[in-house]
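In the block that follows, a single chain appears as structure tokens, in the form predicted on its own.
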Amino acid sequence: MTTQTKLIAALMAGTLMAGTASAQDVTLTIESWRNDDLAIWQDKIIPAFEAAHPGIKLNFTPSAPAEYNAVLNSKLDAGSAGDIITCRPFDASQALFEAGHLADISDLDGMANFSPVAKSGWSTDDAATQYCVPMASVIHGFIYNKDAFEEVGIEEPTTEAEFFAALEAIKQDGNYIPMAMGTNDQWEAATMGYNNIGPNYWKGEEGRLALLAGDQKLTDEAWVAPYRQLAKWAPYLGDGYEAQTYPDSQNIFTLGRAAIYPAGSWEISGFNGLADFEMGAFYPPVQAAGDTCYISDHTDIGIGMNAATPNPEAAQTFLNWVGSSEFATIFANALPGFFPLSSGPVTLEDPLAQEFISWRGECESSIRSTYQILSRGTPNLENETWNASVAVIKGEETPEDAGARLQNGLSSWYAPHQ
């Protein structure tokens, strides 16, 4: 063999070896709106997955949250979207599935790790088909200033009577605003108010599914009663709550000026860095001692497979891993307040996050009542619940009138209520 022949043979062998290596290494690109999570993916999630799955690389490429839907749709239409799609809950992702952009992953092994409530944010209306793996939820309740409770001499309330007795004691003490929530931005009154306390009245999924089916109405006592409780909040929200914005409420609480904060668990990370006092949390107090408690454990983030991915086997391997306890533990500890939805065991290091997630063992989980199907029409029930919650707190509308107005709006377009 001449020197030239040897050189050609060596070059060919090198090319073949390089080809084999590149054939083994698949890179999955992940689309997401969670640009705040870039460092967590790069430093924790990706190294853990790649170490356990040689030959599959991950590339996390987030867009700005407000632009995500438009950017993703443009990429999907152009055929340039990534292999893995991070899914918003309910209608936005269902539209992607119906357009053929998200693959049916109902038969994925990892889906066995999720309950029907967990899967509800990313399944078809009849719950027959799943198109995203549930990734994280946020849980609602109340965060409180432990120093304030100790000074006033009160404990975590478990019943409504104890809750209002605690608020009154804080008010009489005079050193703290009893509860930090404003009505200026409207959505908090519904999300941290009505849909926080409401599941205790309509019995979580039992009532929510009955409302979807048309078997219950927004004028029923179970749906009007939460407005009655909200109307009693007003004296405890502090002077000027009507003009108070969401950031105002966050600041009032973390600066130590308010004792209680009606909360979503996503606040945990931010509050940990801002509050110089110890915090605790309690779930929405029940109507009477011994009642079953219900919590809003709301589906927030899912993750699915681009139906056009050239790497379906690698994508399925990754999605199965997302359903594992290993992923859940990494994700939940990196982002305290965003809780894994899988049924596998998870240990959380943050004590406040652990308190929130422990309620799953004490209470029944549900999701926000307005998010599945009921906000597709006009008037939009979610937005109507915002303004009704505010109007009731401010005394501008009675609980009964709010229920009747929202029921009339829903009946005007939603067939099961006609």
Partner chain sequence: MSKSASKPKFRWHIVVFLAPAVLVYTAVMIYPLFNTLRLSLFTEIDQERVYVGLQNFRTLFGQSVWSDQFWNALGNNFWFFVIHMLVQNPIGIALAAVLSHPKLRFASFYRSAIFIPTILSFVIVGFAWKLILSPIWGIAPGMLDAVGLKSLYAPWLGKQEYALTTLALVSVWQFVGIPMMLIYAALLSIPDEILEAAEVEGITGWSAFWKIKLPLILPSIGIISILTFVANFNAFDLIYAAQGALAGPDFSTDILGTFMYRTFFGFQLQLGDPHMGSAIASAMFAIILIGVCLYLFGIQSRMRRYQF
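All values derive from a computational prediction rather than experimental measurement. Positions refer to the first chain, counted from 1. Think of the rigid core as the biggest set of C-alphas that the two forms share within 1.5 Å after superposition.
Omitted here: the form predicted in complex with its partner chain. The next part is about that form.
- Within 4.5 Å of its partner chain in the predicted complex, a heavy atom is found for every one of Ala70, Ser74 and Asn380.
- This chain is displayed alone, yet in the predicted complex one of Ser115, Thr347, Thr292, Thr245 has a heavy atom within 4.5 Å of its partner chain; that residue is Thr245.
- Out of the listed residues Ala128, Ala99, Leu274, Ala165, Ala99 is the one that sits within 4.5 Å of its partner chain in the predicted complex by at least one heavy atom.
- Interface membership of Trp359, defined by any non-hydrogen atom within 4.5 Å of its partner chain in the predicted complex, is ruled out.
- Although the partner is absent from this view, Ala95 contacts its partner chain in the predicted complex, with a non-hydrogen atom inside 4.5 angstroms.
- Looking at Val138, you'd find every heavy atom of it more than 4.5 angstroms from its partner chain in the predicted complex.
- By the criterion of a heavy atom within 4.5 Å, Asp91 is counted among the residues contacting its partner chain in the predicted complex.
- Contact with its partner chain in the predicted complex, defined as any heavy atom within 4.5 Å, is confined among 258-266, 104-112, 143-151, 232-240 to 232-240.
- Contacts between 367-404 and its partner chain, taken as any heavy atom within 4.5 Å in the predicted complex, involve Thr370, Tyr371, Ser375, Thr378, Pro379, Asn380, Glu382, Asn383, Trp386, Asn387, Lys394, Glu396.
- For Phe97, a C-alpha deviation of 2 angstroms or more is recorded between this form and the one not shown after rigid-core alignment.
- Core-superposed comparison between this form and the one not shown: the C-alpha position of His140 differs by less than 2 Å.
- The rigid-core alignment places the CA of Cys87 2 Å or more apart between this form and the one not shown.
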